[in-house]
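As structure tokens, the next two blocks hold two forms of the same chain, structure 1 and structure 2.
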Structure 1
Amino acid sequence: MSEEEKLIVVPGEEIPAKEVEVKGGQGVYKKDDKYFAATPGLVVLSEEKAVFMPLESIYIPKPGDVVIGMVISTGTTYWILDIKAPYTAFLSYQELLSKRFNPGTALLSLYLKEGDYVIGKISSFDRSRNPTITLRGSDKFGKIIDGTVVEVKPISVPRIIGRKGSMLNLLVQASNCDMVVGMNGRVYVKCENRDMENVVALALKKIEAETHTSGLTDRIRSFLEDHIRGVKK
């Protein structure tokens, strides 16, 4: 075996290593002291161990995660949000409304309706109950009024943020846009104009498509320089 070898595996395929490190969530199971892929993934083999990086992933909520949810239903005192997870999330009216609210005389849909996006944080989740969302803790939390929400695979989120925030800083500084990355695979982008938002959206989709490749930061820097130059002409 060479010093480092890369291969693509499909579900059920054995990973030829005695030890496997999984990055980006789950995706590997063990049977009879052998490791097998549960999802399509990229395996980097070395003499010490194998590193498995899923090519697909499902977002599993964790308390403290910043997420971007979309309203899909309204109750009498809460909203139900789609957070791109196997579970929907609950948002209480008390998180959004500072004034007293009477569900007998007012409708929550006047404040948030189906299709609206909200930036918040997972406040509780233990798999026995659906997660709850809080809008407290940041001035960025709340209803999204303008800007663009870009959908990406949750597995791409760590690469969009980058090591110590490097990729996200590159995107923000190059575009001068406001951005919030939801751990559930939604990214909020607010720029001076829609053309710039489109450039950032294209850069995010490029990161998503090339998540497991090397040299990505330099390619994104060049991509932004070329496209932003065109927007500013």
Structure 2
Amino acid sequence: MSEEEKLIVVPGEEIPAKEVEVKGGQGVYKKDDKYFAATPGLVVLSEEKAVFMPLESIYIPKPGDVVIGMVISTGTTYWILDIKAPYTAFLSYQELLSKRFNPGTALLSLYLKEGDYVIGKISSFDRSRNPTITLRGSDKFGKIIDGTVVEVKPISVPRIIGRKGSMLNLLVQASNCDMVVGMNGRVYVKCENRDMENVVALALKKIEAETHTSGLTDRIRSFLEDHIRGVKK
């Protein structure tokens, strides 16, 4: 491997490279064939290329993203979900209720009410219309009825998943919990008992606080070892 150099850039600073790979697709703009940072970010410079990782970002929905939404209002044929993005998401009643449903006689709030969490997938989103959510495609999708939802910064989500899912595997294997990571920075955790859920929540908060530091997987491994021992009597 060639020499790597790390530097932190803030808005308006030039990224000294001819080609920049932008992780997450946000945070860099181009002017006169030069690249500039638009958000605070970490640049890893090597001989061939530069990689920009934003240190602050805003979650912008992307079709295909698995997200965890919270119901904020109910219409006659749809729910509106908060997905921690600048836009609220639309969930049609047909996604949840497979049998024929007559909006004139039944109330949607019997199925999902304000404050309920839902795991789903963004099915469409563009600049002109708010995102829509689908609950088809996985048996994990649907209303959350037990477990814990942990909120983290969306910027930490790639780290929670880890390279090829390594961090997530570590968390799941060590705790034996069921986990779904929403790209919008909400993580669903379901364990055998509440104590274990709390340990995983603490581990997630630790990842959030130390997102851009190196050697994090090892620290999380020892963190989990120390704390899980206390849970299992």
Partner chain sequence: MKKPLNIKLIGEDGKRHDGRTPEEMRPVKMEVGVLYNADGSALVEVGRTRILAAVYGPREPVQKYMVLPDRAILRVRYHMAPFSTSDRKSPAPSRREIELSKVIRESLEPIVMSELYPRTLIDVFIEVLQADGGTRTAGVTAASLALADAGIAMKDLVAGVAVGKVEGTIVLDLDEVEDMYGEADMPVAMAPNLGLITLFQLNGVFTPEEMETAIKMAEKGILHLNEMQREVLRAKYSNVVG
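Each form is matched to the other, and the largest set of C-alpha atoms that superpose within 1.5 Å is called the rigid core. All residue numbers here refer to structure 1's sequence, counted from 1. Only a predicted model underlies this, so the values are computations on that prediction, with no experimental measurement involved.
Between structures 1 and 2, only structure 2 derives from the form predicted in complex with its partner chain. Annotation for Ala209: C-alpha shift under 2 angstroms between the two structures, rigid core superposed. Annotation: Cα of Lys62 displaced by less than 2 Å between the two structures, core superposition.
Put simply, the small part of the chain turns as a rigid block by 14° against the big part between the two structures, using C-alpha fits.
Core superposition gives Asp32 a CA displacement of 7.1 Å between the two structures.
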